[in-house]
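Listed next as structure tokens is one chain, alone, in the form predicted on its own.
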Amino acid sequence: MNRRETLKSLLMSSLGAGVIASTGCAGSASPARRISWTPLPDSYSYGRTAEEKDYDARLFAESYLSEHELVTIAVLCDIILPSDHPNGGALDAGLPEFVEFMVKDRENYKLPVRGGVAWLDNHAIDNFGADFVNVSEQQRLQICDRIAWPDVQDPELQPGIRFFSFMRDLTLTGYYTTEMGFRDLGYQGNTPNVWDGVPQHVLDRHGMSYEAEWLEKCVDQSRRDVIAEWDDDMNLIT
């Protein structure tokens, strides 16, 4: 499989005419804006201090990316992780807003993201006559094909390569820290398991054995739900 086919298999966009109205001309007075995504939650189930909650609220209240920049980020996120993914894609997980949140949170992210969008638009205009969101899907993928490979040495493509790599990292980091990302990984968190003691061959190798009383108390799986009780001398009773 060549690099182009590999890219298409990894990054095939689900964007079509029903999502983005591609005008195909740089002078359009009505650029494409018909793309939507699941809103990013503005509250969390895990513990947050009062200071952290206030900080998050301030960031959520701010806007940094322009509408055009946010839509461009959404299109790129969808190319990187399209919505036909079995457990949902970047737009289903609210990744455009996640990217903006991270940009607002990290001062050193602002210039790379804003500059990256500008580079993407300029490259699209120079090569296809319209900005990135307003060229065809095939042309968007062609641009991504040029910048998705970090080992490409073309000096003119280096800003785009760095931007695409950065966006790929943000998209996948954001996705795999969401509930649907956990589902995709099959991650179950901390769950109870069954421990039935050290294997007998290991005990034999070291000349060790369990005392019958402790074996019954600690390794009998029929008693795994019985809460342990201790006497005043800290001896295990049950």
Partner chain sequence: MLAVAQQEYDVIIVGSGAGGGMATNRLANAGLRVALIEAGGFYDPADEAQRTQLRYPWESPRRGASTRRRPFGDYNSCIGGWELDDEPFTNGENTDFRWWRARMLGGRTNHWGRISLRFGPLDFKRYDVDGLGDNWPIGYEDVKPYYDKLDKFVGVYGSNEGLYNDPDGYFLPAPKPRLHELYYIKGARSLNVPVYPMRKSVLTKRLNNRRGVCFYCSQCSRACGIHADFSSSTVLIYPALEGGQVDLYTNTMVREVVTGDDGRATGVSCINTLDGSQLEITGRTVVLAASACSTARILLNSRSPQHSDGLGNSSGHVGHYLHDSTGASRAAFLPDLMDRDIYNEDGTTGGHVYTPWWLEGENLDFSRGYHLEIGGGMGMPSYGFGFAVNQYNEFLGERVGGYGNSLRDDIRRFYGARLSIACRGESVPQFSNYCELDPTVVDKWGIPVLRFNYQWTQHEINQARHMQDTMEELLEAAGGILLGSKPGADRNYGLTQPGEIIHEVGTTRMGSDRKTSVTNSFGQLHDADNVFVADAGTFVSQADKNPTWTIMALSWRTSDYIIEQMNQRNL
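All values reported here derive from a predicted model rather than from experimental measurement. Here the rigid core means the biggest group of C-alpha atoms that line up within 1.5 Å when the two forms are laid on top of each other. Positions refer to the first chain, counted from 1.
Here the subject shifts to the form predicted in complex with the partner chain, a form of this protein not shown in this document.
The closest non-hydrogen atom of D196 lies within 4.5 Å of the partner chain in the model of the complex.
The closest non-hydrogen atom of M208 lies within 4.5 Å of the partner chain in the model of the complex. With a 4.5 Å cutoff on heavy atoms, F101 counts as touching the partner chain in the model of the complex. The partner chain in the model of the complex is approached by N87, whose closest heavy atom lies within 4.5 angstroms of it.
Residues F164, R168, D169, L170, L172, T173, G174, Y175, Y176, T177, T178, E179, F182 are the members of 153 to 182 with a non-hydrogen atom no more than 4.5 angstroms from the partner chain in the model of the complex.
Taking 2 Å as the criterion, E67 does not count as shifted between the shown form and the other one: its C-alpha moves by less than this amount when the rigid core is aligned. After superposition on the rigid core, the Cα atom of T177 is displaced by less than 2 Å between the shown form and the other one. Relative to what is shown, K53 and R183 are farther apart in the model of the complex; their C-alpha atoms differ in spacing by at least 3 Å.
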